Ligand code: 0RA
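Consider the single chain below, provided in structure tokens and representing the form predicted on its own.
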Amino acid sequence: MSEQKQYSADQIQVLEGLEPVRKRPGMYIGSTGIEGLHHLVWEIVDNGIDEALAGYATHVHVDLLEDGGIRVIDDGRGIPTDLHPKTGKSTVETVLTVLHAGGKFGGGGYKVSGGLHGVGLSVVNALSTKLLVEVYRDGKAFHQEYRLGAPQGDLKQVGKAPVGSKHGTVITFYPDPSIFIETQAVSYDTIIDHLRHSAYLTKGIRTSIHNHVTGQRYSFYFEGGIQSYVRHLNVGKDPIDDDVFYVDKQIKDSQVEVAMQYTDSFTETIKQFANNVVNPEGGSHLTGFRTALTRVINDYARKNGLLKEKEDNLSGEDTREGLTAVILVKLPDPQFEGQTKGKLGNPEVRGYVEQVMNEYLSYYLEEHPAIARKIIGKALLSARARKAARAARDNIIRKGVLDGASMPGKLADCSSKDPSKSEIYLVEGDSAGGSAKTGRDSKTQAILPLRGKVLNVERARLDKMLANNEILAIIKAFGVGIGDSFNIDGLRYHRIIIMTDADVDGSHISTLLLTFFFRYMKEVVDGGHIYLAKPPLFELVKPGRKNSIFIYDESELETQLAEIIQKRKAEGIKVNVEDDRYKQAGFIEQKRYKGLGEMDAEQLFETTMNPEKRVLVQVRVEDTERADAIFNKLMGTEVELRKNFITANAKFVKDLDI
């Protein structure tokens, strides 16, 4: 009988209860790495936030316990404790053991919530070795324990609720190490960021955390809500006015809340949320906001003679230059695209946001003519710069400068045409560039030497960037274009490696390049294509000068020397020199490298470019908001912020080479 005919009913698995979650956890929390682990915390924290959105909770607290447990406390209504009519179990046990059981599918439990699938608590329970639930309702306290998702007895009343906690829910869980193999320890800083966002997005709620391991505590409360959030995002930038535009309006069964403020920056920062869930890919609320913003500003400019009759309308890009905005919509049935809720799909929300912005931003501009003129003046400058940049780009395109047929003259390209196998080294200086060209594997490794320090794009518009030879050479070599012509599909190298000297100047050049990539080629960064080369700091030279050992940092040097000395002693080799550790270890010289140019072509390849031996650090952006703030602080116009940063962190710098 063929295999096909043997396929029968007894080969079909039926997973019951929480078995599907333990069998395929990635389907429910995205991954079993650190991101998935944090997802468990968000599921419970966001339940407390939903209680706050419904008007019942005022405080959500997280405890990181010494025994590895994570406890989340909210002062909401408390999970109902009575028997559920469909399951015959307590409602607490139902929401902890039945997938898609919750108060977010209608029935009046929540008008709005961030929950989409209703699987939060049950998934956390399924992926924990132990979970404890305490519920306070009507002055009574209830308790139940679970192991690997299974109840260890019924829900029981255990006395009265603690003083001051007449209602609320406490969930304590211990992530299962057989699921979360990589780590079961959550990040204090990551949770702080989530709690900060939650407090910004929910006016009047307090969020807090206590790390019982380190004793650290933090608490957030923002009376201004998203207005405070906009001010936070603009720290280090120079607002064109201290005032923040803000509107909070109910339309039908939905709520539209917008806060915005313009700064002297050349980039826009817009954050959009639906029911407190961040939507990094935008959606209908962002579309409605952008459409209305462009229309209202152009209408005001025309009406008040700020745009001449023959002048073109300001583009959406012009009206958003330097804008920081937070858009928050609350609606009863959010339709998200994708499991990560990256994009809001509700078509009616676009109309709601447009309606609110058309009406209230028009009022705002009429009532604040000085601010209106500053906004439109900045947009007009942006329009002129955009036209200049387009002219410059068109000019260099006409000359073939961005044409793939003509690469930068100083680029030593690789012979491979397969981007996945090709890499380009951005090398500091012509000297090191020459060594890299000589020593490289020409089949897969391209070399682009950079002369001096590249332009700081944090303080420059696109027209100025296109006039900079180093930036232009990078754009051209990569093949992705720039600005509105950017296309990630054209990327010619899947590994872009920044290779600079191990000194202050080298670090500065790396930072300037990373600023450019973050601001104008973020898709390249997000795709994991950017790397930092790590050249050796030391060479321990052996007698005969063959088979030298290269060391990449101070701590590794000490470790290596100690191990070699110990091994020599164990082998009975007499060590007489007590004050020279490298001589004790049998070396004749210790070299300290300060520049790539100090190595010959063979050394540079073997230590820094050989795929089998080199050390590369991949550049990733885990928190875009924090990265934006750091680039603004270190590379922006606000000198005082930079000075404070240097003063605060100087004590952590060791062996500074100037």
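Don't overthink the numbering: it's just position in the shown sequence, from 1. Because the structure is a prediction, the values reported are computed rather than measured.
What comes next is about the form predicted together with this ligand, which does not appear here.
**Q** Of 585 to 593, 22 to 30, 41 to 49, 599 to 607, which is the one stretch near this ligand in the predicted complex, taking non-hydrogen atoms within 4.5 angstroms as near?
**A** Result of the contact check: 41 to 49.
**Q** Flag R137 as yes or no: does it have a non-hydrogen atom within 4.5 angstroms of any non-hydrogen atom of this ligand in the predicted complex?
**A** Because a heavy atom of R137 falls inside 4.5 Å of this ligand in the predicted complex, the answer is yes.
**Q** Find out whether any non-hydrogen atom of N279 is located within 4.5 angstroms of this ligand in the predicted complex, and reply yes or no.
**A** Because no heavy atom of N279 falls inside 4.5 Å of this ligand in the predicted complex, the answer is no.
**Q** T169 near this ligand in the predicted complex, any heavy atom under 4.5 Å?
**A** Yes - in the predicted complex, heavy atoms of T169 and this ligand come within 4.5 Å of each other.
**Q** R77 versus this ligand, in the predicted complex: is there a non-hydrogen atom within 4.5 Å?
**A** Although this ligand is absent here, R77 would touch it in the predicted complex, with heavy atoms inside 4.5 Å.
**Q** Just to be sure I understand the contacts: of I498, L121, I327, M357, which is the one whose heavy atoms reach within 4.5 angstroms of this ligand in the predicted complex?
**A** Here the answer is residue option L121.
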